[in-house]
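Shown here is one chain on its own, the form predicted on its own, set out as structure tokens.
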């Protein structure tokens, strides 16, 4: 199977290598594919569209502690860079583990990672590998909390794509995992978290300059 796969990709590379000049992408406005009704910007509209897609939006560590307490969960994975920010506010009743043990995935009741950006047009969170400390920590627990700094918003999906760079893996999250079988029965949490949360954080610029 591996040899067949390499054979296919080798043929593709050889085919592209024969091109003297690749056709450039056409120039087009970033909102060319955006319906007029979906155009807009700002954190208020972004929040509205997140919530319309079943993402829970909260602000501050106290709100996060209340949500986790309401769900009856106490143990979860947390991005190591976020532990100092959240551990003190959450207190000793919550155990934040800075490492994700793949052999004990069921032990993690929630996962807290960083989001790279948000997309206003679709109410989407962008999770790049370069900002995601452990991808399993974002997709394996039932509750995923994506921490997004204010100001990191793209107006359109096209603008977000332009900002992807050469990151090898990017996950676009528009609400919690949900799928329906052939009988139309909706099932949550099969392909990812059963609850998606966005924790809005102040940006470094906002923290430095103040109101």
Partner chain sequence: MSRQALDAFAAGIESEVLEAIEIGARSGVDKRLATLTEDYADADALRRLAGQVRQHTLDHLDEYLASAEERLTSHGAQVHFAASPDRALEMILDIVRASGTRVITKSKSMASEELDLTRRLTEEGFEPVETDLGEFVVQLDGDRPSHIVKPIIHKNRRDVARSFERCGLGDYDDDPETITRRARAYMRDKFLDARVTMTGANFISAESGRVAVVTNEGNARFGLAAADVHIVLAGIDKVIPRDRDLALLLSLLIRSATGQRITSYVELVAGPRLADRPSGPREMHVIFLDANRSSVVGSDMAPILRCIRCGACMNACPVYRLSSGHAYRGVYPGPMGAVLGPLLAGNEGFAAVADLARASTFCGACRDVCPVDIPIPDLLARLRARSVREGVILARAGVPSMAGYLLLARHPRLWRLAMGLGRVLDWLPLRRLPLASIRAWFDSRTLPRWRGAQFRKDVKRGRREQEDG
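Please read all numbers here as calculations on a predicted model, not as lab measurements. Residue numbers count along the first chain shown, from 1.
Not on display, but discussed next: the form predicted in complex with its partner chain.
Checklist entry - Does residue 116 make contact with its partner chain in the predicted bound form, using a 4.5 Å heavy atom cut-off? => result No, residue 116 is distant from the partner.
Checklist entry - With the partner left out of view, is residue 59 within 4.5 angstroms of its partner chain in the predicted bound form by any non-hydrogen atom? => result Residue 59: no, not in contact with its partner chain in the predicted bound form.
Next on the checklist: residue 78 versus its partner chain, in the predicted bound form: is there a non-hydrogen atom within 4.5 Å?
Outcome noted: Residue 78: no contact with its partner chain in the predicted bound form.
Checklist entry - Would residue 178 sit within 4.5 Å of its partner chain in the predicted bound form, counting heavy atoms only? => result The answer is yes: residue 178 has a heavy atom within 4.5 Å of its partner chain.
Next on the checklist: Just to be sure I understand the contacts: of 67, 171, 153, 147, which is the one whose heavy atoms reach within 4.5 angstroms of its partner chain in the predicted bound form?
Outcome noted: By the 4.5 Å criterion, the partner-contacting residue is 171.
Checklist entry - Across 130-148, which residues bring a heavy atom to within 4.5 Å of its partner chain in the predicted bound form? => result The stretch 130-148, when checked against its partner chain in the predicted bound form, contributes 130, 131, 132, 133, 134, 135, 136, 138, 139, 140, 141, 142, 144 at the 4.5 Å heavy-atom cut-off.
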